[in-house]
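Only one chain comes next, encoded as structure tokens, the form predicted on its own.
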Amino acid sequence: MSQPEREQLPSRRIADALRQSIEARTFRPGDRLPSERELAATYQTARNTAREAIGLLQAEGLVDVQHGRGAFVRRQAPMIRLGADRYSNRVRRETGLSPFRAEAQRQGKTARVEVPEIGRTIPPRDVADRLGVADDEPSVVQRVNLYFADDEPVQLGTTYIPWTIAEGSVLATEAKTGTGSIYSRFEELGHQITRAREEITARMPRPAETVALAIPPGVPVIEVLHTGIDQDGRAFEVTRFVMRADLNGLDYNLPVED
């Protein structure tokens, strides 16, 4: 079937009209769209056709479908990852907050972090390569974090720390690591973050990520592979962040090298 023919499908015509109304802000974030019955009557189609149209918009990430209540225009209020200063030692010392909590505070959001898992483990190969540790033995401590902004899950972060650094410290055992979070504990152990490398990709979420982050259909994730580098040029931690693309944005202000 050609593109023009696909565009003439009744469900696509309804979806196109609703999309235009959303983009024109006739329907605003949080507004309820007309019901399937109302859409079917307006466009003189079957309710199944109207349901297919709503499904197309849901797959595009424009609407949320709530069982028994209807379809609502998705609110877009992303957490912005401020790459230029999120790991600032000055900000951490002045606020006593972790990077995520400091970002949330600056953006008027309430932060919460759950740590469902801490343990010694064998690292993934890409993590082992960046840390310079073995990938065939439990050479790292893994800390799994689930981040919430205003009680909505927005990202997963899995941090890997060489066992030679974490052994005997709260980094290897405790969910709460104290004022300044893990970067203050790293500094106490002789590893002050002076540089960060962040490799950014996008993909569709895996099943466990969909559940943990309550990701609606059609919404991709941003994956940030962060490597913290200390004053001696040594990589001392790697964190894989998986972020809902509809609830997160990236903002980097970087110097240009000669």
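Note that residue numbering follows the sequence shown and begins at 1. Note that this is a predicted model, so its numbers are computed, not measured. In this text, the rigid core denotes the largest set of C-alpha atoms whose superposition between the two forms falls within 1.5 Å.
Although not depicted, the form predicted in complex with the DNA is the subject of the following passage.
Listed residues 202, 196, 59, 46 were compared with the DNA in the model of the complex; 46 is the one with a heavy atom within 4.5 Å.
Just one listed stretch, out of 23-31, 48-56, 218-226, 205-213, contacts the DNA in the model of the complex at the 4.5 Å heavy atom level, and that stretch is 48-56.
Taking non-hydrogen atoms only, residue 12 approaches the DNA to within 4.5 angstroms in the model of the complex. Although the partner is absent from this view, residue 104 stays clear of the DNA in the model of the complex, with no non-hydrogen atom inside 4.5 angstroms.
Mapping the unseen interface onto this chain, residue 233 falls outside it, with no heavy atom inside 4.5 Å of the DNA in the model of the complex. Contact check for residue 66: a non-hydrogen atom falls within 4.5 Å of the DNA in the model of the complex. Along 20-37, a non-hydrogen atom within 4.5 Å of the DNA in the model of the complex is carried by 32, 34, 35, 36, 37, in order along the sequence. Once the rigid core is overlaid between this form and the one not shown, residue 233 does not reach a Cα shift of 2 Å, moving by less than that.
A movement of the C-alpha atom of residue 200 falling short of 2 angstroms is seen between this form and the one not shown when the two forms are aligned on their rigid core. Relative to the superposed rigid core, the position of the CA of residue 65 differs between this form and the one not shown by 2 Å or more.
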